[in-house]
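Given next, in structure tokens, is a single chain: the form predicted alone.
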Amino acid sequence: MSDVLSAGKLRGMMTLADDDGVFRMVAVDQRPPLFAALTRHDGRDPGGLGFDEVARAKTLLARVLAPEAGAILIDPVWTHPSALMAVPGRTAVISTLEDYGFDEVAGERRSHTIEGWSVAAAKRAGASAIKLLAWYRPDASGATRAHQEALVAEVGEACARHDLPFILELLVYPLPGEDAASAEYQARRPERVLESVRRFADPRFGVDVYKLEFPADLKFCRGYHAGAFDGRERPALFALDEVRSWLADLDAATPAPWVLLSAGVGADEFEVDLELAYRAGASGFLAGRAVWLEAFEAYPDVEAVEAHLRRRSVPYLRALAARAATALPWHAHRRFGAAPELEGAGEGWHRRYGA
């Protein structure tokens, strides 16, 4: 990786971050979690949801939360065409590229992009950056790993060609017969998370920001395992010092700035995750369900959902933004040395740019 950035990527990174260089971003691109929230009250099949119902819910989220964020992550199917005018001009737009569905081969997940959507289309539509989620298991078959890596490399190349920052989200997942909530699975999770990040540290993937999950579930950490977050006691699999060590390893493995995703954990747990991540070198957050999912417990009473968002979600997002003051500014990441520089700056730049 280099300490220079192209003009488009440099401005994109600056636009995503606040003036202090920290990423305070909210995600409303989630699809299956929102589908489930919209149908939980009446037991409907989430697959039967109509466009308008999903679009209204996502527009509500964008209208209430986007003014509180430096950037908002949206999908192009429901949110972009319905809620773009709800996003203030000062809030950057990140476009998600992956379909929420994936091909499953022997239980292994192979991602693909949304049909009809591309990096080029997102740029024309006003996106300041691209996000791709890649499910990844270091112990998956060679064919599945090759598929995921080829997709990431393809998107990274397209982002370089169209001069947009590339945000890569990595998530590990359970294979058939594994229970993600079990102690056995959680004991292996740190190793899998770290190995995934190390794999995609290769410069050929062209990643500008890593969107990462916390490497361990604190509900299994000594001191929190007795039910600190949800009242349920679990085995104490590791100590807090081990978590700090994994976070240090995570930071060391990332050749570019990284932010933490909420991954569906509760609000209290996410705040602790963030505090530890910032001490390790994270440059902010890109949070979704921890901010807004609880509000949909009031659905289909849309007014009650909005009231909850304004009463609980907005203050929580503001609290996350305040806590991010201790995060590492993206331009202070070791990749950039003292500060990032504009690629090819100097006389004749206008001739060289884009050539």
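Because the structure is a prediction, the values reported are computed rather than measured. Numbers for residues come from their place in the sequence shown, where the first is 1.
Keep in mind that the form predicted in complex with another copy of the chain is missing from the display, and what follows is about it.
- For the candidate spot formed by H80, R124 and R351, every residue has a non-hydrogen atom within 4.5 angstroms of another copy of the chain in the predicted complex.
- In the predicted complex, another copy of the chain stays beyond 4.5 Å of every heavy atom belonging to E271.
- In the predicted complex, another copy of the chain sits within 4.5 Å of a heavy atom of V87.
- The closest non-hydrogen atom of R189 lies beyond 4.5 Å of another copy of the chain in the predicted complex.
- The closest non-hydrogen atom of W117 lies within 4.5 Å of another copy of the chain in the predicted complex.
- Between the options R232, R204, R161, H112, the residue in contact with another copy of the chain in the predicted complex by a heavy atom within 4.5 angstroms is R161.
- In terms of contact with another copy of the chain in the predicted complex, the residue from A277, V93, L218, L132 that brings a heavy atom within 4.5 Å is V93.
- Figure note: of the listed segments 234 to 242, 256 to 264, 124 to 132, 281 to 289, the one touching another copy of the chain in the predicted complex, with heavy atoms no more than 4.5 Å away, is 124 to 132.
- Contacts between 5 to 41 and another copy of the chain, taken as any heavy atom within 4.5 Å in the predicted complex, involve A7, G8, L10, R11, M14, T15, D19.
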